[in-house]
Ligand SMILES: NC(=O)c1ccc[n+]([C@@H]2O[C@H](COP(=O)([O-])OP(=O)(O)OC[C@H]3O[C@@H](n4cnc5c(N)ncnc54)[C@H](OP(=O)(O)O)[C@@H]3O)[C@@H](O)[C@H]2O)c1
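Below sits a lone chain in structure tokens, taken as the form predicted alone.
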């Protein structure tokens, strides 16, 4: 009979320096305390919080005031701190703190997606040069272990597509718009009231948050550097309750998708709202949850699903990275990005895409023919069309065959210029 291991006899503590004790930081502190024995048994050594960097005068009911400092040097110069966890966000002080920690020989764990998507190469090269690890599981999809899967489990699988819902705020909003028929502004206000959206939600609703995550995942999956500047992104600000309702009647559900593909040996990474069939597994991912599909000839399709944010789920991903750092053999490849390729980027205007298009027109003879002529001139083929409305105006709702995006958007510009077209057309990609 095997005797279970206990904390008795385990020595050589792992010291943690924590930068930021906000929503996620306090979750890390809580898990380090409540799950201390499990963490120690997983690493073979106790893991303890030694210092917390916060603003002067900061206090928290669950935090020993003696641990708090407002001077990063207290963390850098502490020889008993082995791992620095950065949770302050931003790309200024956070970058400086991470670089200093790595150069001082301390491992770094972070959830900072914007910093990694813009300065990941510099940080990973610094980690490799100094023989330490930079881990960032919580930077991509919260508690969903996508980074570990891509870096380790599927490192030799030649992933060809990453496709999924990677922002909980917009997924909550689009789910609510679909279920209630409410307009964008009303749903955003409710999301802010419930804490799903920040006071300034622009990174989420504008697509920048999702774009940063897709840059990180694409870099690892395709072994070629992708930065935030390489990702074209659109948010949900132009998605209307009217278009969601039309899509629903046609059998589609609207989601903000992050899509990274290898096309003819080139990389294309984007974020945009899209209609997907109601029967698709992603269509059932509601609320603030995230889900990511990975596709490869090696394994066909894999779907990872779970909470994309929140104090404890994100903190659990951070603690998982700490455990991984402690248990990783010295010299392991997992401290670098594996971005050994330099693949070209495939132009988005050349991507073949299907589209839903809604055009409000004055209801008079010959309008449909003029609209159809624009499509024909631009090489865009109509799959189906429904006319809805009565009286002086009507909505023409088109589902289009795959076309080069440059051709579709050229047609859209010409449609806007027609006297018979009223207001801004609604245009949403379709992903089958």
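Numbering follows the first chain given and starts at 1. As the structure is a prediction and not an experimental result, all values here were calculated from the model.
The same protein has a further form, the form predicted in complex with this ligand, not shown here; the description that follows concerns it.
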For this session: May I ask you to choose, among 263, 93, 283, 182, the residue with a heavy atom within 4.5 Å of this ligand in the predicted complex?
Result: 93
For this session: Please pick, from 14, 408, 415, 24, the one residue with any non-hydrogen atom lying within 4.5 angstroms of this ligand in the predicted complex.
Result: 24
Exercise. If we take heavy atoms and a 4.5 Å cut-off, which stretch out of 157 to 165, 342 to 350, 80 to 88, 235 to 243 is in contact with this ligand in the predicted complex?
Worked result: 80 to 88
For this session: Could you confirm whether residue 112 comes within 4.5 Å of this ligand in the predicted complex, counting heavy atoms only?
Result: yes
For this session: Mark residue 28 yes when one of its heavy atoms lies within 4.5 Å of a heavy atom of this ligand in the predicted complex, and no otherwise.
Result: no
Exercise. Taking heavy atoms only, is residue 138 within 4.5 angstroms of this ligand in the predicted complex?
Worked result: yes
Problem set entry | Close approach of residue 386 to this ligand in the predicted complex, 4.5 Å, heavy atom | no
